[in-house]
Every structure is written in structure tokens, then in C-alpha cells.
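Have a look below at one chain only, the form predicted alone, in C-alpha cells format.
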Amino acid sequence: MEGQPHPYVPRDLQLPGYVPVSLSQSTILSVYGVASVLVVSLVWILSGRSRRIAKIDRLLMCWWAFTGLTHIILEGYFVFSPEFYKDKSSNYLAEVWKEYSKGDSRYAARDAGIVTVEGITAVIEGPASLLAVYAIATGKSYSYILQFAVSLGQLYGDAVYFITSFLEGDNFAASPLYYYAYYVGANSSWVVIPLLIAIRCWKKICAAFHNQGQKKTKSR
């Protein structure tokens, strides 16, 4: 079964049984946007009930909840649904990846590197992100090292994602619009925010060890 012509690049990419996106781009983006705002708003409101949680930590809880659910739900669906491009039911998650593949056709093509990176992200970094929400809320001692580790994992995934695309010709977007909106724009948050969090956690961890060293020196 040949399926219908697909909009992806390269044009000779073989996707037997391909079914075009049935939901509009605005619908797909609106649903994701509204769901994200609801998650962030809920975490922000609930975290505000505790006066001991600083505003920066509340913002971090919102980020970790958002990114964790994105990893588990969206990326998890991609990893475990190898034939999403054949979906005829207008399943929202399948529609997301059909649409996103216009910016990076390696998803529709099931590129081994992409599946590996997304698999690690969904299975390990997703749950770890939600654990970070709990760690911040309860003031766990491992909060900073956990956030640092997950942020480094996200940055490593970004590096693999962009570098492999560059080495393979960086020609997987249907148009410059999709390239900059999806490939660059949609991924920019997972470069900038994890980098800022990693820097902050590094400083916090270093300060903690420095203070501990000073206390030991004074006690001698």
C-alpha cells in the first residue's frame, strides 16, 4: 500500500500507508498551548499555598512539571508508536508528530538516533523531571543535583539532536518556515532553560560544599 503523497523532505522518503494530517495547525498548537498553560497554572497555584517555597522555586516547579509531562506523554507516544504516520483516527498525539515532522522528517522516518534520544528522554528524563517537582516542593537534599543531572541530560540530547542533523545535511524541513518554527523554535526552550538551571544548580552545589568546608575548618 503506497498511501498518499507526504509533505516531508526528502521527497523520496518512503512512508507506505501515510495518512495526511487531519487537524489544522492552529488546532494542534492551540491544544498544546492550552494544556501547557493549565499545567503551569495549576502547579503555580498549588505551590503558592506554601509560603516557604521561593518564587524562583515555584517557577522551576512549573517548568519541571511542563517538561516532564511533555517528555512522558508526547515523546513517549512517539517512541512507542512507530507507525503514527498511518493513523486515521485523528488521534491528537499522532497528529502532533505528523505536523512536527514537517520541521524534521527524521521523526516520520523513524531515524535510529532520534528514537534513541527520545526514548531516553521519555523513559528517564520525564519521570526525573516530575521527581524534581516533588524534590523542590518538599525541600529534599537531592533537589539541586537532580535538577543539574536532568538539565545536563536535556542539553546532551539537544546536542545529539542538532549535531546529527548537521552531519546528515540539515535538510529535513519542508520549508524555512517549518525549519525555524519547529526545528529551531520549538526546541529553543530546551536549550536555554536547562542551561540556566544547570548554571544555577552548579553555583548552589559549589556554595554548599564551600560552606561545608568552612565549617570544618572553623571546628578544628
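Position 1 is the first residue in the sequence shown; the rest follow in order. Remember, it's a predicted structure, so these values are computed and weren't measured experimentally.
Although it is not shown, the form predicted together with another copy of the chain is what the next lines describe.
- Scanning Val133, Ala149, Ala109, Leu74 against another copy of the chain in the model of the complex with a 4.5 Å heavy atom cut-off leaves one residue, Ala149.
- Proximity to another copy of the chain in the model of the complex, taken as a non-hydrogen atom within 4.5 angstroms, holds for one residue of Ile56, Val37, Leu46, Ala159, which is Ala159.
- Residue contact check for Asn211: one or more of its heavy atoms lie within 4.5 Å of another copy of the chain in the model of the complex.
- For the chain shown alone, Leu93 is not a contact residue for another copy of the chain in the model of the complex, no non-hydrogen atom being within 4.5 angstroms.
- Contact annotation for Gly68: none of its heavy atoms lies within 4.5 Å of another copy of the chain in the model of the complex.
- Under a 4.5 angstroms non-hydrogen atom cutoff, another copy of the chain in the model of the complex lacks Ala137 among its neighbouring residues.
- Heavy atoms within 4.5 Å of another copy of the chain in the model of the complex are found in one stretch of 22-30, 149-157, 59-67, 186-194, which is 149-157.
- Contacts of stretch 190-205 with another copy of the chain in the model of the complex, defined by any heavy atom lying within 4.5 Å, are made by Trp202, Lys204, Ile205, listed in sequence order.
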